[in-house]
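The chain that follows stands alone, in the form predicted on its own, written as C-alpha cells.
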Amino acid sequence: MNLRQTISICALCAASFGAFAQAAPIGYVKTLSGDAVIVGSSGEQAADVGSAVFAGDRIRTRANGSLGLTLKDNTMMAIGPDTEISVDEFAYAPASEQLRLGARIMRGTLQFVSGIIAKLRPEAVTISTPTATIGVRGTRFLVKVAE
C-alpha cells in the first residue's frame, strides 16, 4: 500500500466517523406522561421512555402530554403539555472545548435545569422564544410561551 492509498483510506475512515458522530443521540427521553412525538430527519415518531433525541429534532407534546428529557451534559428539560421545542445545536466535547447548546421553544412551557455546558461555558447556552433569547448562567428557570 502506497502513501496515496493510505491517505485515501484514512480520509474515508474520518468521513465515516464524522457521519457517525453527527448521528449520535444528544439525549434521551427519561419520563413521559400522555402523548408526545419526536420529529426528526426520518419523520415523526411517538416518543417513549428511552427514545433517542438528536440535534435538530423537534419535540411536541399533546394537550395530555408531558415529557422529561436529559441531554448528555446532564441538562434536564421538563416539557409541559401542548408544547413544541427543538434542540437546534448541541456540542458536548469538553476535552476539545466544543460546548454549545441552543434550543427554541415555539409554544408551551419548559422547565430548564442547566447541565455541565452551562457550568463550563455559560455563554454557550441559549434558549430562544418567539420574542426573546434567554441566556443561561448556570441555573434553572421556567418559561411559558403563549400562542
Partner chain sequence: MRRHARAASIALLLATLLSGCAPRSYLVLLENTDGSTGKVIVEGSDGRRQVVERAGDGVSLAASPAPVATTPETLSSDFGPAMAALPPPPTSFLLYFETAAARLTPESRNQLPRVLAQVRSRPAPDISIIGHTDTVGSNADNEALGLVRARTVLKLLEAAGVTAREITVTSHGERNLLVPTADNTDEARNRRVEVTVR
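Residue numbers count along the first chain shown, from 1. Note that the coordinates shown come from a computational prediction; the quantities given were computed from them, not determined experimentally.
Form predicted in complex with the partner chain: not shown, discussed below.
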Query raised in the report: Though only this chain appears here, would residue 46 touch the partner chain in the predicted bound form if you measure heavy atom gaps against 4.5 Å?
Result: no
Query raised in the report: Is residue 69 a contact residue for the partner chain in the predicted bound form, using a 4.5 Å heavy atom cut-off?
Result: yes
Report task. Answer with yes or no whether residue 113 is in contact with the partner chain in the predicted bound form, where contact means some heavy atom within 4.5 Å. Result -> yes
Query raised in the report: At the 4.5 Å heavy atom threshold, is residue 29 in contact with the partner chain in the predicted bound form?
Result: yes
